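Shown next as structure tokens: one chain only, the form predicted alone.
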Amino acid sequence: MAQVFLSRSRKPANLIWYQAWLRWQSTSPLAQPVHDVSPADRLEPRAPVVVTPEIPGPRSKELASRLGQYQNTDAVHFFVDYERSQGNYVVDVDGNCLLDIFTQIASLPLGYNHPRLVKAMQKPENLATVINRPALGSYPPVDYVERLQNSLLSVAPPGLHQVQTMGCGSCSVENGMKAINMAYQRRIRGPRPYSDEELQSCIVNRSPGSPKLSFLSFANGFHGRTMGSLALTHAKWYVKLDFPAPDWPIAEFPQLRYPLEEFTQENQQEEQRCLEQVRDRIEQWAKRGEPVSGMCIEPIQGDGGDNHASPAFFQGLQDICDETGLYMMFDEVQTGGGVSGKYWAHEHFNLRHAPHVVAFSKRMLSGGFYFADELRPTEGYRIFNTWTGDPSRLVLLEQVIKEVKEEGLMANATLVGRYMLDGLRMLQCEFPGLVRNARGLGTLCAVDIRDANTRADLLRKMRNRGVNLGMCGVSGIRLRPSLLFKRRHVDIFLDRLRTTLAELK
């Protein structure tokens, strides 16, 4: 239906969308009856409840003031009562119950306090690794191999059979870069052993032990806040300012025009321009004596604006890597875990072969990265830190994966995401100039608001109406619901969004 509307001229399309919206509103109550509900459905609230005049409420403000004695609290939205939060609803310390469509910055696959995860943590056999957090690289627990097989390896990206756990998304990307650089140098070095000069010079940050390699990334990308991953991040000034960064190549990510059906030729030209720029950057840095060892890219740029590109663009990037000898890393920290309708968003791109590295975290509960066989370190302690992850996270992830498969949650993400995107497109046509560029893949949906100030007002009003949202880019709203998000939750969200937009109009 959406494609038919969007293929027509703009004015009739707006009218048709609006008429469809009215029909849709009249047939979609806020909370549709649910006949076959899961235990998680039965536990969660039926709708948001706001009990304070505004959010954050007085208790949250008081706690923020106390915390402010010890650290900066400018990023704190509100304090949470995690014991009372359930499913798709987060409860704050003032008793406000909000429909959470940001889920701890996109990191809760099954929402809050899912009974399956609660039960797993109550089992005595799972307590030992929580109490005695192992240094996995040196002292893994007896069931570690089995845990890996039942969790991370059971959902590995097609073609990748190696995995390394880590603690967070930033260190997952950063250690993926290290694995790529080691493999790149092994390819150059060949079978010869390390020289004494290499071993000594690396200690003092000099070549040849510390080679002059570079790494390619993309404008508006966000890959983490540690110094290595931060060098690939180009989204927000406040994560970059005052920190030294290497002069590595940055290529533009395609800026597509929406609706996509109306700008097919223009978008193809834009993607081709960006691919040519990637080639040019690789050539430039090679001439400088700083060859590019690899590139890092998000399947959908998250924090930088929820920017999409076509499968053809990513296929073109893989072709460039194959031709030039670069290693390709997908940062799936935000897009992995089934929310796109597939377990890994890059699976939508029909790549000719597996990428060399796929970094993960957030909804995967553990950080880490999958990698090609040739990137496997040849010595111990090369990819290493004290914990290199947390085996208790794998206990939970194993249960998440079972729930995803048994309940068909990836199919749910596809259907619910399409329903949500259709609703956003209707609002876009009802409020032209205020809402634009509705886009999405599965439940990874977003829209742009008129400007940053209007977006700030909208987020505040929506929160006071009991809906918690995220933001991205200059003026975007980022939707990151759990895999348990259903049509009834979409109805609540869109109804309150429409009321808020009408106020802002």
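Don't overthink the numbering: it's just position in the shown sequence, from 1. This is a predicted model, so every value here is computed, not measured.
The same protein also exists as the form predicted in complex with another copy of the chain; that form is not shown, yet it is the one meant from here on.
In the predicted complex, another copy of the chain lies within 4.5 Å of some heavy atom of Gly68. Though the partner is left out of this view, Ser475 does not reach within 4.5 Å of another copy of the chain in the predicted complex, counting heavy atoms only. Although the partner is absent from this view, Ile300 stays clear of another copy of the chain in the predicted complex, with no non-hydrogen atom inside 4.5 angstroms.
The closest non-hydrogen atom of Arg59 lies within 4.5 Å of another copy of the chain in the predicted complex. Contact with another copy of the chain in the predicted complex holds for all three of Gln104, Glu198 and Gly380, each having a heavy atom within 4.5 Å.
Between the options His77, Lys342, Lys402, Arg418, the residue in contact with another copy of the chain in the predicted complex by a heavy atom within 4.5 angstroms is His77.
For the options Leu213, Leu397, Val278, Leu351, the residue carrying a heavy atom within 4.5 angstroms of another copy of the chain in the predicted complex is Leu213.
Contact with another copy of the chain in the predicted complex, judged as any non-hydrogen atom within 4.5 angstroms, is confined among 267-275, 404-412, 183-191, 310-318 to 183-191. Residues His161, Gln162, Val163, Gln164, Gly167, Cys168, Cys171, Glu174 are the ones in 159-177 with at least one heavy atom within 4.5 Å of another copy of the chain in the predicted complex, listed in sequence order.
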